[in-house]
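Only one chain is included here, represented as structure tokens and corresponding to the form predicted alone.
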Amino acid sequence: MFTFDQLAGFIAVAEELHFGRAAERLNMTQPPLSRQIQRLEKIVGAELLERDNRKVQLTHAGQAFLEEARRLMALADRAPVTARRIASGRSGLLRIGFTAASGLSILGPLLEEISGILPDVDIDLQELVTGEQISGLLTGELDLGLARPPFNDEVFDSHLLYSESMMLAVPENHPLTELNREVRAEDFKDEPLIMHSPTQARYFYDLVVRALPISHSNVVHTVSQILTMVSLVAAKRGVAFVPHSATFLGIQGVRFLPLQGGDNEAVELHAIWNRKVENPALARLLRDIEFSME
């Protein structure tokens, strides 16, 4: 394999078209430069320069090789700079997991703040439920998660990003929209319910059954995504308990009503990360970000 010294020698001769001037430019004598070019041509397996006593010029192979040699030298010059930028957290890749609901409220402002701190870092976004995010953070496939509690605070560090109340989503023109007050438990005791999955949406499921007297005999649909719940409400399949951020979905035919006690069991969204931070970009972000989205 050829060396960078051989490439530098060839580039100098190709640009000067004169061995003497090229050698002077490289602060060396002409004989070792000539030997470098000869060894390079032997390694490449093609004649790169035509030379006689009067002139030096590039062969067709030399012209093609010159472009690649310049590209290789440029990469070699950039490599230490790139390594230093990545080590300092100014370049690289930050992999962020987020829940679908967080995309409705906090994701946009958070990404804007991250871009201001890490303008040259690429962001890889992955929509995942909290359990999948925790797995990704443990394996190193994710650097940062936007997830719901609970999580192991001995393994993960966290910051509360957002807290919101639960609301009741009902079809447009539903009788409950005429109450002009907070909805009480007795108001929906006979309503068909669209509930969160106790396995795929465990956080919301636990939150609702802990805060409200749910009659499971009234459950007509069990789903995992907020968007699906609200769409089913719009189709008049029942009523659903959703976080306030669901109001941003803009689905027609749905009203969102305040629940009595809805603020007592607030829906929380946390930024979480493995305490063993290995990604320099994440370390830089955690040092500089203000987490001012609450």
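Given the structure is predicted, the values throughout are model-derived calculations rather than measurements. Each form is matched to the other, and the largest set of C-alpha atoms that superpose within 1.5 Å is called the rigid core. Residues carry their position along the shown sequence, with the first being 1.
Only in words, not in the display: the form predicted together with the DNA, which the text now covers.
Could you tell me which stretch in 251-259, 61-69, 34-42, 233-241 has residues with non-hydrogen atoms within 4.5 Å of the DNA in the model of the complex?
-> That would be stretch 34-42.
Quick one: is residue 46 in contact with the DNA in the model of the complex, heavy atoms, 4.5 Å cut-off?
-> So residue 46 does not count as contacting the DNA.
Touches the DNA in the model of the complex: residue 18 (any heavy atom, 4.5 Å) | The answer is yes: residue 18 has a heavy atom within 4.5 Å of the DNA.
The DNA contact at residue 227 in the model of the complex, heavy atom, 4.5 Å | Looking in the model of the complex, residue contacts with the DNA do not include residue 227, since no heavy atom lies within 4.5 Å.
Just to confirm, residue 30 within 4.5 Å of the DNA in the model of the complex by heavy atoms?
-> Yes, residue 30 lies within 4.5 Å of the DNA in the model of the complex.
Which residues in 51-73 have a heavy atom within 4.5 Å of the DNA in the model of the complex?
-> Heavy-atom contacts within 4.5 Å come from 51, 53, 54, 56.
Threshold 2 Å Cα movement between the shown form and the other one for residue 281, core superposed | Shift of 2 Å or more: no.
Relative to the superposed rigid core, does the CA atom of residue 13 travel 2 Å or more between the shown form and the other one?
-> Yes, because once the rigid core is superposed, the C-alpha of residue 13 moves 2 Å or more between the shown form and the other one.
Yes/no, residue 23 Cα shift of 2 Å or more between the shown form and the other one with rigid core fixed = Yes; residue 23 is a residue whose C-alpha shifts (by 2 Å or more) between the shown form and the other one when the cores are overlaid.
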